[in-house]
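Okay, so we've got the same protein chain twice, two forms, each given alone as structure tokens, structure 1 and structure 2.
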Structure 1
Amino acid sequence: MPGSADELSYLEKKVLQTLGKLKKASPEELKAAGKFRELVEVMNAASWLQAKGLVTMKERVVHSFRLASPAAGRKALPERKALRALIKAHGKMSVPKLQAAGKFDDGELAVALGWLRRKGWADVAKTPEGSVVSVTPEGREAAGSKGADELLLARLAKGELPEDAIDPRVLRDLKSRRELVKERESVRREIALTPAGERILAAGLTLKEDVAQPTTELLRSGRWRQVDFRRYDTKAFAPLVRPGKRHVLGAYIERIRRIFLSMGFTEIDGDFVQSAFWNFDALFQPQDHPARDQLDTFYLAKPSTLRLPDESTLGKVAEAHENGGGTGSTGWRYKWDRKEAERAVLRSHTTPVTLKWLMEHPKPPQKAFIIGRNFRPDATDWKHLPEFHQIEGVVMEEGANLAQLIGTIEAFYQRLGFTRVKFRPGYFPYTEPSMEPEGQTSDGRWMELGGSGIFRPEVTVPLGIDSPVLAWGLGLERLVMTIEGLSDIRQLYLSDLDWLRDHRAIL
């Protein structure tokens, strides 16, 4: 609730001021009393004032009455016409004569006689010659003035009247006659000051036309010096708008993509289905490594095998595994089996994509990234999903080192606005040294966010890569979960419409 008049618009102040005199009034009355141009000006200002707690607006149904037709106001009532005829005839007439004098049809005659008696203006007596109507002293008196019902008809002829402006008994009589008055139901709004509104009013209002937006005209003419610029009321009510927007995860993918592009990386892409050769063997992952187990990798039934690269590359990779080849390593010392390498898998990480790309682009410097989906037969829980995305990147460059690796990953997280990161040593068969970034969740837990390291010669040399390669694969969902303060990674895939609609737009 505003404590001062500064946050009120010109029209709001004007409504308050007008209400100060009227105390309570309908919008129409306010419009007239405050000399507003349009009723909507009053209505808009009043609803804002209501939202701010400065006025109340009540609605009630009111009945109002008007003539059923313009003729109803002009024509005399039948009993009046009959009375005039009677007086002209010296106070006495037979019924047929009265009907002729008043030009009444049968219906009107019955009405005229009925009301003459009801109003006590005349008596009807039966004689052997037929019914005779004679004026009473009240009738003679009534001849000189209008009755309450006729006065009301005259008022109605000038315009509609609300029920509370009419004597209910007279109204009842008029309503009992057909085709005289019509009733209408409408809603009457009553605007009244609240105590808070009265306080603001008592503190004093200065009415100066205010401006919500500067215009060229205002600036050019210098008139901006005289006008009041309306203050923003940042707490003012505004209707909730929920425009269409990207899904939280999609929005982050877009942001991350822009960050790597702005850091000079090339975006690359690759297949979900890979040979075990690219998913494992080329990465110097021994064929008996537990990660290659059915329990950790999805193997495809169709196709169950894929074509391998050229024999020379295969030979070099096989040698690296068996004895180190020319890499300076002793290798894993087992018999490498190409059958195992041919097996088709759903990629369990995005590293095969970057590695293949490096083999095709062996000339330094190179920087590439992929934000891609990966698959692992993990049981789903608060931090595991069988399908998840990795933000994978490589930097191939002469002299690239660990400090640069950590610095690059940190720079990326920082650009995302995420700083609760630390690095601890890790192990991967394909990198040495290896580091694992960890992020702190909103409840203080540290969670592994991915892996990184410098590719071993056993990986690079067989593929013809001579320069050091910094590599990382970071979990996307875990990162988003940490930044967004989610306690369960599944929230990202629930299609929880309320959460998605209410979520702020991510830019």
Structure 2
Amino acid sequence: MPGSADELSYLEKKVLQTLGKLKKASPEELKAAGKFRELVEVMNAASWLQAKGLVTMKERVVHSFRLASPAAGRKALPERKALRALIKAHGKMSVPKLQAAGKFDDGELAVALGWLRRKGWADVAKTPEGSVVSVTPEGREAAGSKGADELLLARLAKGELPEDAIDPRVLRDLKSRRELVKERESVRREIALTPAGERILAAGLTLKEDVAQPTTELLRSGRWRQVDFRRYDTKAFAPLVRPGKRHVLGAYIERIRRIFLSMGFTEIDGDFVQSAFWNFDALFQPQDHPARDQLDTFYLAKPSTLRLPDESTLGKVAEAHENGGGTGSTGWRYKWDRKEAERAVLRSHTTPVTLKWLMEHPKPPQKAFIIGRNFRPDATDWKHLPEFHQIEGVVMEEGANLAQLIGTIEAFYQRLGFTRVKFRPGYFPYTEPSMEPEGQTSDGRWMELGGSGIFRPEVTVPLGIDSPVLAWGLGLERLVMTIEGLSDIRQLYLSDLDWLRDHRAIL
């Protein structure tokens, strides 16, 4: 807390002086009374004074009300229209005649009758001929003057009113009606002197121009004698500056992309919508596999089918399914269904894009990667989302083998920051042999990194690929969860601004 006025800036002194006259005021009132140029001058000075214990700044939520539309202030209320029609008809009418006279639709008629009875302006009685509405003495008396709600509407027609300027009972009645008034919330700030602020003010304040540092003009002119040089407090509060940076997921995608590119890989991409042929059949996944069920795959209605590749490729894939197609396999030994392969799906993994690219680039050596979104109808929970990213890399080369796959994967994950990588046998429908790599993070934790293996001949031979293809992939979100120590995958998509601002930049 400052002990004297010397430690206050020009604007801080000016706010204190103005508060000395007003005692307590809103920032807007201070701006007007102190003749500040901008409201931000008041707010900045008041914030520093509050940090120094010289003023208090309290906030409260203020509710105000206005007409929902200009027409709401011009139109008569339904019960007022009904009362006029009843008075004109000598105080009594049947309900159908009242509806016709007031040109009410059924909804407006119900509102008019309800408020006539609620205000005591009319009674509704059932007779053998039907319901009849009769004006009461209170209704005849009200015919010559506006009610409290109508007077309030007239006031609101002139402008917005704060809640404390309105009768609560009248306001409650108007709020119960549809589309008459609208409510607005705002924050009102009130700034007041503390005892410490009053002491400094009582000791006397002299307002002089505040200068941060001397200039040549200031020294030559001698004007430095008429100004105050601002004192700097190295221990004073300063706002934390958070630089702009990529979203955490985007930063990891960019980091992984740089790793692949530095290893000589080509980046590829493809459509989200694929035929079941490319998503399943070309990967030697049988047509009765559980993953092809509607509970595990998004099937499209428009389009419901997609065009298949040329008949030669189609025939070779069908033969691989039915009898192995000369690959040395016996296949799945069932009758392959073309219509099932034509079905349009949202891709459930990125491998369809990889396979198409390999078929279009069958001459080795080839190295490619893809980082892309995929879709599965998984129930959302702490580790599942219906939309997720997959990272996939492939190497096609003469003589490629399991040792080369292990070495490539180790090099990739070490560049990603894992200290050690180990492998255990695994099973995947379209690779043989298959492995599941695990990586150790810098803090000693081990995590599963996805799947890997060598594409089976039943996958590559029908597509005209003669060389071995090494492949591996992992889920981006789960990788980030493990590295970041998150317990819920949804945190990556919740737009938690504090977490995003405070997060370190990922290089």
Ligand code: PHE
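In this text, the rigid core denotes the largest set of C-alpha atoms whose superposition between the two forms falls within 1.5 Å. If you're wondering where the values come from, they're calculated on a predicted model, not measured in any experiment. Please note that residue numbering is based on structure 1, beginning with 1 at the start of its sequence.
Here, the chain labelled structure 1 is taken from the form predicted together with the ligand. Core-aligned CA deviation for Lys126 between structure 1 and structure 2: 2 Å or greater.
Once both forms are overlaid on the rigid core, the distance between the two CA positions of Leu16 between structure 1 and structure 2 is 2 angstroms or more. Remark: with the core as the superposition reference, the CA shift of Ala25 between structure 1 and structure 2 reaches 2 Å or more. After superposing on the rigid core, the C-alpha of Lys422 is displaced by 3.7 Å between structure 1 and structure 2.
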